[in-house]
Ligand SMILES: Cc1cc2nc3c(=O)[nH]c(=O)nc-3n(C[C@H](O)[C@H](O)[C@H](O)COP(=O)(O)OP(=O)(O)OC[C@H]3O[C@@H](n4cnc5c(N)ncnc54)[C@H](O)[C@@H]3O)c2cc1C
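Just one chain is shown here, as structure tokens, and it is the form predicted on its own.
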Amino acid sequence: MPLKTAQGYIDSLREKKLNIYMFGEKVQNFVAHPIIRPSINAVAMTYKLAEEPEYEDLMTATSNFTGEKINRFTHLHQNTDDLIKKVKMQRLLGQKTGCCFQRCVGMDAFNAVFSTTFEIDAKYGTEYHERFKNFLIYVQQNDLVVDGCMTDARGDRSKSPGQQPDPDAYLHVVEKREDGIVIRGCKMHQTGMINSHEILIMPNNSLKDDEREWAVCCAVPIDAPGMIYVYGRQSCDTRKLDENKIDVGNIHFGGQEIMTIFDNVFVPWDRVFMNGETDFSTMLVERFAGYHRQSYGGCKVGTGDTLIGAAKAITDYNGASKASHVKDKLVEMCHLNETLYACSIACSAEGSKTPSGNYMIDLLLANISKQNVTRFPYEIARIAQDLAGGLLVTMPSAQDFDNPEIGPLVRKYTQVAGDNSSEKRQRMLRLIENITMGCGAVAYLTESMHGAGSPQAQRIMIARLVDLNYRKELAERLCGVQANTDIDWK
């Protein structure tokens, strides 16, 4: 059966022996580690919801290869309905977890690599597309989490990969063998990496003809020899070590970012999907970025829903919810959040079929969607902090509330309206802090800014895709600078 259960997913991670470092020490049991486990729980929700009949239509799909029911995160988009359901699924999971659930990047990589390998094969007669189909069927049959892996360390940003003093600044092929290739380098900001089963590596940017060794796309098991993982430090992360989890805010779920080092990792030929075809590196990067920019209008909107709910709750607890300015601010939060969602749905509805058969979003609207995501969540977070009040940053710790001497006083002076307890207020403020300032801010705000490319990357694509001369011609026809050939009636 292609669908794995949430418990089956967690058990599958326990089988992995990974080389992980955190705080300068090697992690022995990463599944049980209190800092890591919330991020595993978030991924597990992508499996749990797929088990529930209520969400079957969003969370599952029919494989175009086998005809079996599969998790939508392993699916190739077959029509615009699939693209729309993807966004709705991401919003649902954002609502359920309040954080990044880490599986989108693999899904977006699948769809980008599938169509790109088809076109490489059409030009060069290679076998990449068939190899990738076999890999994807394997992923679907085992319901695996795959981390799409693109962003390199990049070294001196003024220099291209082939000009770097250290060629390892961008992941590259260091050896070609009869049975495969050997790669070396580092991929940065890898969301959910150690919660995955496989890694799908892609080039970082456009490449020149003499930069063939950096034009590599391939798949590597998470526990392949030579893989090293360094866990990213996040604000307030050690709060997860506390026995009382109230100060964490989001007490069950969290995100994860990993520095992923490939130290001479061997890849067999059947897992190599690009090897030196520099003229297709731009296509792969732009298609992956487009799909991933579409994703942000789903997942970040779901998290935004939870933040709006937290802002509503805290104003209720404080007895301020009837104030007109509070109502107006909540409306503004909803307006911004739904605008993000609308643009992501639009780029999905305007999608089109690629030569390979899967569907691609409208690239212009996907970049517009992500450009909005680099701005609106920050305003939503600002309003939430406004409504939360100053106690957001002066709230005593959970240990102070539990202290037999000062605890009663702390609770007395943090009491709120009606029969709402001070603990309710404490928990809700910690959730707002988590999403806008703490560990959750990595998934909500920092990912909104830098995930799928920083703001300038979208602006470059928008400038490339928008036809300004066509718009100029429209204006000139209306005012008579050009003859208006549309007017031919008497």
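What you see is a predicted model, and the numbers here were worked out from it, not measured in a lab. The first residue of the sequence shown is number 1, and the count goes up from there.
Missing here is the form predicted together with the ligand; even so, the following discussion is about that form.
For the three marked residues, 151, 442 and 451, a heavy atom of each sits within 4.5 Å of the ligand in the model of the complex.
Only one segment in the set 185-193, 274-282, 135-143, 259-267 has residues whose heavy atoms sit within 4.5 Å of the ligand in the model of the complex; it is 185-193. Of the candidates 157, 412, 123, 177, 157 is the one whose heavy atoms come within 4.5 Å of the ligand in the model of the complex; the others do not. Proximity to the ligand in the model of the complex, defined as a heavy atom within 4.5 Å, holds among 201, 380, 105, 113 only for 105.
In the model of the complex, the ligand lies within 4.5 Å of some heavy atom of residue 456.
Not displayed here, the ligand is approached by residue 446 to within 4.5 Å at the level of heavy atoms in the model of the complex.
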